[in-house]
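Okay, so here's just one chain, in structure tokens, the form predicted on its own.
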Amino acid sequence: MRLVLGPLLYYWPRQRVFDFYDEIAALPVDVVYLGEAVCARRHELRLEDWQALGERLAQAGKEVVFSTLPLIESESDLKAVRRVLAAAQEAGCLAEANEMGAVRMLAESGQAFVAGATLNVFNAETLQLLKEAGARRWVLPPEASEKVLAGILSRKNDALETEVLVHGRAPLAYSARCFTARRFRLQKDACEFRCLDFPEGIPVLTREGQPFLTLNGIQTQSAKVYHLERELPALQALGVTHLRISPAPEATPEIVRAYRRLLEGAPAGMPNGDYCNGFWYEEPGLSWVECAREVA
């Protein structure tokens, strides 16, 4: 199994991003996804910056994947996707397709790609369609359970790699409306880039004061961190090939090292956190199932 660092979902200042990936280059992670995978208005880093980071990480022995936007709203967005796909092809890297327009472009050019979680693969028929379009790897949607994954993998082509989010806030939905801008009574096109003020999104609480969701611009995430440390044996038994960790401002290096120790058969020493794993067990997503149990 290979350890993966997913794309950065938050909007950070340019130098902070460079410092973060300098640290990642020295960590025991096998694959690193780069690029803007949430909002087209986030321009602290240009494509050329992501390419420079990709070259550094490749020199450090990492497999680099360039991620695309999940929501295309304009011709400029479409051009941005085309540029990312061209950059991936030029660098000899895979691209992560996060919407079907990118899949179509990749299929037409004959490029292999990663089918991102936002393509919503919940059955073997959809996965076969993406394989025929050129998918080499696919990412399980975070809402999918072990039972759903087992059903898909029982029928999938063995040549396809499977990636599962094992640590990070679960991306739940995307909207044409920017929730961060709305929080400050701003228009999306004049948002003042307020996401820069929230390096881990804006927490949303219930009326009782309990964590419920996290707002990250146009993206809605879980409030708790989705965490499948104890489910690693089940993932291995199912044939999962890649374990994804989603970047966060704090503790990402510790989480990477902990999962590497797990893969090597050593005690993880996992940092404490407000974790959930309900989706895996067909329970409410924010739930924490206390002990790994067999899913009928």
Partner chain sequence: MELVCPAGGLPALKTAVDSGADCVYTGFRDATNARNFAGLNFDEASLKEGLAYAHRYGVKVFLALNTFPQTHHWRQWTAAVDKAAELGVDAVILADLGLMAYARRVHPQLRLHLSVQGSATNYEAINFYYERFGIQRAVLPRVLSLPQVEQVVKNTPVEIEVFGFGGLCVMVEGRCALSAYATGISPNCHGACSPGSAVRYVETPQGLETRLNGVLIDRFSRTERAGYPTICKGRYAVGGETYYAIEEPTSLNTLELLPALLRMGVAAIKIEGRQRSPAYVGQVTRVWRAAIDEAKRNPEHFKLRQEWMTQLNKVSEGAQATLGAYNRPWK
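The structure presented is a predicted model; accordingly, all values stated were derived computationally and were not measured. Numbering follows the first chain given and starts at 1.
Not on display, but discussed next: the form predicted together with the partner chain.
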| query | finding |
| --- | --- |
| Partner contact for Leu205 in the predicted complex: the partner chain, 4.5 angstroms, heavy atom | yes |
| Distance check, Leu213 to the partner chain in the predicted complex, heavy atom within 4.5 Å | yes |
| 4.5 Å heavy atom contact, Ala159 and the partner chain in the predicted complex | no |
| Exercise: Phe193 in contact with the partner chain in the predicted complex, heavy atom 4.5 Å | no |
| The partner chain: the contacting residue among Met105, Cys93, Leu140, Val84 in the predicted complex [heavy atom, 4.5 Å] | Met105 |
| Residues in 65-82 with any heavy atom within 4.5 Å of the partner chain in the predicted complex | Pro70, Leu71, Ile72, Glu73, Ser74, Glu75, Leu78, Arg82 |
